[in-house]
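Presented as structure tokens, the chain that follows is alone, the form predicted alone.
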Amino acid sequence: MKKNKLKISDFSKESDQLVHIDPKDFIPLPPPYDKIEDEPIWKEIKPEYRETHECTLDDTVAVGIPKPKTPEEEKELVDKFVSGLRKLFEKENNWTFLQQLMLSLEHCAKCQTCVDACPIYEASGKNDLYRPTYRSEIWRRIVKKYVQKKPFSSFTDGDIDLNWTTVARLIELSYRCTICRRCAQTCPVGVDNALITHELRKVFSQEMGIAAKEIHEKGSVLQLKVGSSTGMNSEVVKDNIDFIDEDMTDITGIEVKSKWDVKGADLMLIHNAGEIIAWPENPGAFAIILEAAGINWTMSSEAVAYDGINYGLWYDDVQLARVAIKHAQAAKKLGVKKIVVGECGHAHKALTVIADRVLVGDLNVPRESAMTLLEDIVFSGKIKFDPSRNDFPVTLHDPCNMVRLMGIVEPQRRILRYLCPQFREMTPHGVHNYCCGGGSGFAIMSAHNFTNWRVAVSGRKKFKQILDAYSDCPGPETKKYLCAPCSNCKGQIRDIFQYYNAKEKSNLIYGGLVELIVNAMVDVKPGFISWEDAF
């Protein structure tokens, strides 16, 4: 096993495991999380699983690919991979991303400027396997040698063998990147290593039928079949919302009644359905705010339309388009003026800037972020607030898809500066933020020991950043709130806090933006946010 100084040529060579991850190499966390002996113990991948599945990349497994039983099966899968790569460079098959992909293929200066921008690479102790350019350089060499078939490509661009070991490891390695695009933001010539990761995942899914089960079979496939990736059909969702309305009425002292299927409403609100199950106070808070502001709003009970999740964004353009079209069709059926996307970062990007390439003609329903809508409501004067109710330290996590990749930076901050007297920024923040570590599907992936990896490695930099924001009040004697206006990010942050016991050690809880808004509303009973009920 190799630990560092990993060569590109090593990737194609058969071995029990390519690299090893050692917690002693990880970047240190501030007290009381700084003792390596207190680091949670990693689960071992079971030997019987290793015998039947590809587990030769590092110390974890995300996709879990069954090993081909014969050399013929291996060759068939490799051939499908090459066929898919060719389609990436055909305009009729990939017109949406071809130009950006060609830029990233031809113009990497190998300056490694992007490397220090990657929180996974840094947090791992600078393990070469996680360099953004390592994965991309393997892809480039394969494309130039086996797809473009350039003369002397092995001499001019570097050689690599294309075999089942290479493909299997590349499948797993494409799920060691959160696609946060910090590397692309940093690149002086605009090379997008995260796009390469996405396109690799697309080939594996669309050409080889291989994807992480949580985002495909249990994600977009289930959503299109049943109506939600949570498995809830419309009747179950409506029943859950009824229970939430009752709870919110008891907690706030004001009657809460969510709206369904209102024809011609000003807006159709789409939540990440995970909120309804895991964080019911979030959809409840939205209902309270919209009613208090006197807005004519609705949700749709049409299958798929009550769940803003669109996991296709992370791995499969076809699945993304299918879900986005369902969302737009539901809005057209109700005749609403616009769709508003709730607190979910990937739903924001999937249904707005990416769906612009899909939702054309009558399906091009106006879409808006909840962040800008909430800003308008808070500063409209329609609701009275008492900011002293939020007089505890608050910091803000910037969801990558919403902030860096869409530029929605200030609306949520203006609200927090107004309603939270002790608001403080993380460093860095805004478009320079660090990913929560759960992006690109990781937050819902926990099979085998992948939770260990995504929390201790991909989420490590974010946890350190959160703790540093509260360096003036680190102990449990001070209540602290992390505002994370994204369901996927909250799932990852929940797991980080539980992994490191942050509630007990630091009195640190997390939640969305709307909860802070409701907590400060004068007409609501005090104490909407409860530290005792957190987690």
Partner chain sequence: MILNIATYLSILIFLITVIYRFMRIANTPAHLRWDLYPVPHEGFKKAKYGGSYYEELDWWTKPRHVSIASELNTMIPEIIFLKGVWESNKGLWFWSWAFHFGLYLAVFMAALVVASAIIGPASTFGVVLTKIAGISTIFGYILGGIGCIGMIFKRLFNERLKMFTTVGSIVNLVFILAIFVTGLKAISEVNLFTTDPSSLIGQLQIFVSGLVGFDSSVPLNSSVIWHIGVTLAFMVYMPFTHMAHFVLKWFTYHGIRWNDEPNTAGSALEKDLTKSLNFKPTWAADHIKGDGKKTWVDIATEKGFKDEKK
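Numbering follows the first chain given and starts at 1. Bear in mind the structure is a predicted one, so any value in this text is a computation, not a measurement.
Heads up, the form predicted together with the partner chain isn't pictured, but that's what we're talking about next.
- In the predicted bound form, Gly84 approaches the partner chain with a heavy atom inside 4.5 Å.
- Taking the partner from elsewhere, Thr451 is found to have every heavy atom lying beyond 4.5 Å of the partner chain in the predicted bound form.
- Although the partner is absent here, Arg367 sits close enough that one of its heavy atoms falls within 4.5 Å of the partner chain in the predicted bound form.
- Remark: Ser205 counts among the residues lining the partner chain in the predicted bound form, judged by a heavy atom distance of 4.5 Å or less.
- Distance criterion of 4.5 Å from any heavy atom to the partner chain in the predicted bound form singles out Asp317 from the list Glu74, Asp317, Asp245, Glu291.
- With the partner removed from view, the residue among Leu373, Cys118, Ile241, Leu396 that has a non-hydrogen atom within 4.5 Å of the partner chain in the predicted bound form turns out to be Leu373.
- Of the candidate stretches 385 to 393, 461 to 469, 398 to 406, 250 to 258, only 398 to 406 has residues whose heavy atoms lie within 4.5 Å of the partner chain in the predicted bound form.
- For the marked spot (Leu103, Ala109 and Glu137), a heavy atom within 4.5 Å of the partner chain in the predicted bound form is present in each of the three residues.
- Shown without its partner, the chain has Lys338, Lys349, Thr352, Val353, Ile354, Asp356, Arg357, Val358, Leu359, Val360, Gly361 in segment 328 to 361 as residues with a non-hydrogen atom within 4.5 angstroms of the partner chain in the predicted bound form.
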